[in-house]
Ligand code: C2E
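The chain below stands alone and is given as structure tokens, in the form predicted alone.
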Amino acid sequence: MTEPSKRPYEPEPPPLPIRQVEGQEWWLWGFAVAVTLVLTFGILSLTFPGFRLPASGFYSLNLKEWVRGLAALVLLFDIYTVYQHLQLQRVRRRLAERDRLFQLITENAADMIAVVDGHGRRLYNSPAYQKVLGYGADELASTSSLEQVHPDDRDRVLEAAEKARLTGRGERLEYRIRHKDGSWRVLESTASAIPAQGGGTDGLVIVNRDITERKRVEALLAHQAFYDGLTNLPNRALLLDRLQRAMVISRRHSDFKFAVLFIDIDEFKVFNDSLGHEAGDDLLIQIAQRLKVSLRGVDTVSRPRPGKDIDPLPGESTLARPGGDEFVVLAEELHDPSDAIRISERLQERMTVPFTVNGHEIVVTAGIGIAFSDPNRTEAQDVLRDAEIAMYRAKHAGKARCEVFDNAMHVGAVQRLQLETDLRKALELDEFRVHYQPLVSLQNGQIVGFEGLSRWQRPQGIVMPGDFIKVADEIGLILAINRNLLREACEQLRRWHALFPSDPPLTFSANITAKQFAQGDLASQLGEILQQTGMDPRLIDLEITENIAMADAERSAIVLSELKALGVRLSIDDFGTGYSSLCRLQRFPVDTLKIDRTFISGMDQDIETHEMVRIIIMLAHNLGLKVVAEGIEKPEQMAMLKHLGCEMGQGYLFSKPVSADEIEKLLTSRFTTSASHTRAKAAGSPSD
């Protein structure tokens, strides 16, 4: 703090200890002179003419002895005076050294040091005042320091100075002071009382430190802790804080309504991967700006208030970016729930205006989930989660959709969370099993191979793939599940090769999911499994769905070539249900097309479907590919496919997917029957 005096400047008196030493020194010399004069006068009076000593015993001493005694007293006193003078000189030197040290410290200290007396008059200002604030000694002397203190802080400065004088203890104080250039600096000040001899205080020593840069850094760190670095919008932490405050207001005032809009950009990852992360960041910044200006008047973006720690006024709303390509609007003081839906529609409408990024016009859509204020909710995280659940429902329904949260969504989300937890436990407990569905030659009816399908063997019973595969794929567990499936199936197939030899040997096919196909080291992973199990790669058929293969045709060609280099066979699964391009398909190193079951199930009843199957088989053969028909359930379907030249089929007509033990029984039965026919045929043939 600075000295609060408003008195005009007066010349600085000498420091108090020096004045005391000087006073003692003058008193000593005066006393010494007075005593010396008295003793000298006594000596001289003894020598005056006519002076006679009394005749008593005491005065009968010789005059010469009296003179000598008085002279000795003068000498002793002079010696004492010189000694005291030397002591005072030593004290003076110490004080001078201390003053020199004080001056050296204060002149080189970065902190500003001021000394004021009991009346608030300036006694000293260190040179740091000019270094920090730009004011020279004359300028400080001619003005009151309160003139430089910020008007809002003056009362606190005066109060702290008065408290330091009364209590003798100063408290740390932060206040703003004007620099000579007109800018404001922040000082941290501490006052220490100078105790007086008779009690009370003689003045204050005030130490001021410039903490402007520190406060700037603290403000920057605080901003970074609560604001997104890319868009400068409130981040998740600040959003939850604002949302919690809105919930408190809503509980206190029943007429206060709010809604949370959770916005997720559709297919942002595709754009980000295509044009690069810098372009993606640019798009996010533009989206944030578009959302700001699209919100209605009371949905203005909340901004920080420097120096103010107050709650946001009702009617203000927060646009935040909790992360990634997600944005959240906290819309407060809604008159009706339909207001939130209208906000959502307005935002989606404005988003359809193309964005310009790196010279490209980009049209963006977004899925929006809405959750309304609910007195039963006590945590901000719960409301935000509800809005996010509704957003996911909107995205599953299609692009540019909006959904309002209801309790059924919450139940579904809880069930989904439980399923994810159970799947992770199932993987740890090795509860996944491989079931096999035979692949049959339509020409002779022999089993030529199997397709491996995952089943979840829970204590409660078998869980079918449709109930868990999609979730396992979304949370990434499908990678471990499929690796275990392929390893187990390869070991099982080797066992069957030993028990049931055939020419050609039995084959095995396995599906490759989108997540697996996206892995850069897919080929090396599969190669390692084949090497560990000792399986001949030519007997393994990897199936990739049509949509996966065609999503990024150029990359698919590279990945399929890497897989083909392992020696495995490749198939396009579910053919006819995606968006294949035959000209691209012929560039892929595939061996087989698998016609989707939706075509096979209707080919015996619908002429057009039958014709489509015929054309697919013809095109596949023209490309040098074999054909597998999925979902054969009737003998009529098998006969038609055999007539059209389809090589292989699978379906319930032959067998549903069953466990390895059931397949072993089936193979044993067929192997025994085949051997009996062979022996019977041999026995019935004519001998030579």
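Keep in mind it's a predicted model, so treat the numbers as computed, not measured. Note that residue numbering begins at 1 and tracks the sequence as displayed.
Keep in mind that the form predicted in complex with the named molecule is missing from the display, and what follows is about it.
Heavy atoms within 4.5 Å of the named molecule in the model of the complex are found in one stretch of 504 to 512, 86 to 94, 204 to 212, 219 to 227, which is 504 to 512.
Interface residue among E332, E388, D573, D325, judged by heavy atoms within 4.5 Å of the named molecule in the model of the complex: D573. The listed set S454, S189, S344, N125 contains one residue whose heavy atoms approach the named molecule in the model of the complex to within 4.5 Å, identified as S454. Among heavy atoms of I632, some come within 4.5 Å of the named molecule in the model of the complex. R597 belongs to the set of residues with a heavy atom inside 4.5 Å of the named molecule in the model of the complex.
I469 belongs to the set of residues with a heavy atom inside 4.5 Å of the named molecule in the model of the complex. Among heavy atoms of E543, some come within 4.5 Å of the named molecule in the model of the complex. Residues I478, N482, L485 of 471 to 489 are found to place at least one heavy atom within 4.5 Å of the named molecule in the model of the complex.
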